[in-house]
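One chain follows as structure tokens, the form predicted on its own.
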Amino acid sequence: MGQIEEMLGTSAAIRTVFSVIHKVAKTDLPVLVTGETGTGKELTAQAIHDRSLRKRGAFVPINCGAIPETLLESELFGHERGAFTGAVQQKKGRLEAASGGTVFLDEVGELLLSLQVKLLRFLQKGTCERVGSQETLHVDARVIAATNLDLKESIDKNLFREDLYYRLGVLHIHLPPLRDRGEDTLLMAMSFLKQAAASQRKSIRGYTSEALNAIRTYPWPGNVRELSNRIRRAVVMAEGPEITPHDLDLTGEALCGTDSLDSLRAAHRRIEVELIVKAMSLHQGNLTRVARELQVSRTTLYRKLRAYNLGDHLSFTEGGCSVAPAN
């Protein structure tokens, strides 16, 4: 099953997403990406585009919820000079700009019903008109849409067209929340720390045991985005060589354990990854000390790093020199 370099994770939940990304990238059909805020919907859309036959074309994102309603139609479809006050020149829309490539419609559930009709027509016929123009444009752009809303609930409330929902959702990818991704949380925490420490030019070895436990048990309602932001903040606030729960601002947060049942194999995997990541953090990536802490040989540790794809995301040393696990 292919790894997605831009997206970190080894859990069964995210590996399923990776598999679907590779499959849908081979087609030209619309894709609907759903999931809670902060789960990586735009990153998923970009990964699909980068693996498609359209990868040499443009990837054009537009946040349908961040643009005023009066301007959104012009942003999507473009406008002609004089079409409205302030339209001093002709402007291509995002769909037209994405011709030959992919347009990513984030927060598509926020579209007005009038614009949903025009988007549906584009999906059906590949045509659209600029605001203030009678000319029909033929545009070859793939549409990937995303939302954190329950579109079926929006359909019941007459806020979203059912026919557009089924047209957008020919292919559907649902991104799991971080709390359902097990060992991925600690893996991403290590990777984000490495990036943030380098960016801030601070020498931080890793996390304290208490910080690692807080990261593991906190429910992360803001998902990957919240994890990344808290770690960047922690690096700025840290006064010592290790990140503490106080640096993460998790000392007063409600923590929760995992109550869901796992298969023995999944539980075994999750526990092994958590122990390896903890040991790598506590021993600053020194493989000799990590192997000794886990009471395994270095050969066994290398094998585990390869099996869980940890070698791609964690920094480790042996005797002070950077090394990589054998292929």
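What you see is a predicted model; the values in this text were computed from it and never measured. Residues carry their position along the shown sequence, with the first being 1.
We do not show the form predicted together with a small molecule, though everything after this point is about it.
Visitor: Partner absent here, but in the model of the complex, which of 64-72, 50-58, 31-39, 282-290 has residues with a heavy atom within 4.5 Å of the small molecule?
Guide: In short, 31-39.
Visitor: Could you tell me which one of Thr217, Thr208, Ser133, Asn148 places a heavy atom within 4.5 Å of the small molecule in the model of the complex?
Guide: Answer to the contact question: Asn148.
Visitor: Tell me, out of Phe77, Phe192, Phe122, Tyr165, which residue has a non-hydrogen atom within 4.5 angstroms of the small molecule in the model of the complex.
Guide: The residue from Phe77, Phe192, Phe122, Tyr165 that makes the contact is Phe192.
Visitor: Is it true that Arg181, Met188 and Val224, all three, sit within 4.5 Å of the small molecule in the model of the complex, judged by heavy atoms?
Guide: So, yes: the whole triplet contacts the small molecule.
Visitor: Is there a non-hydrogen atom of Leu294 within 4.5 angstroms of a non-hydrogen atom of the small molecule in the model of the complex?
Guide: Judged by the heavy-atom cut-off of 4.5 Å, Leu294 is well away from the small molecule in the model of the complex.
Visitor: Would Ala267 count as a contact of the small molecule in the model of the complex, using a 4.5 angstroms cut-off between non-hydrogen atoms?
Guide: No, no contact at 4.5 Å.
Visitor: Does Leu275 reach the small molecule in the model of the complex, with heavy atoms at most 4.5 Å apart?
Guide: No, Leu275 stays farther than 4.5 Å from the small molecule in the model of the complex.
Visitor: Is Ile271 near the small molecule? Define near as a heavy atom within 4.5 Å, in the model of the complex.
Guide: Flag for Ile271 set to no.
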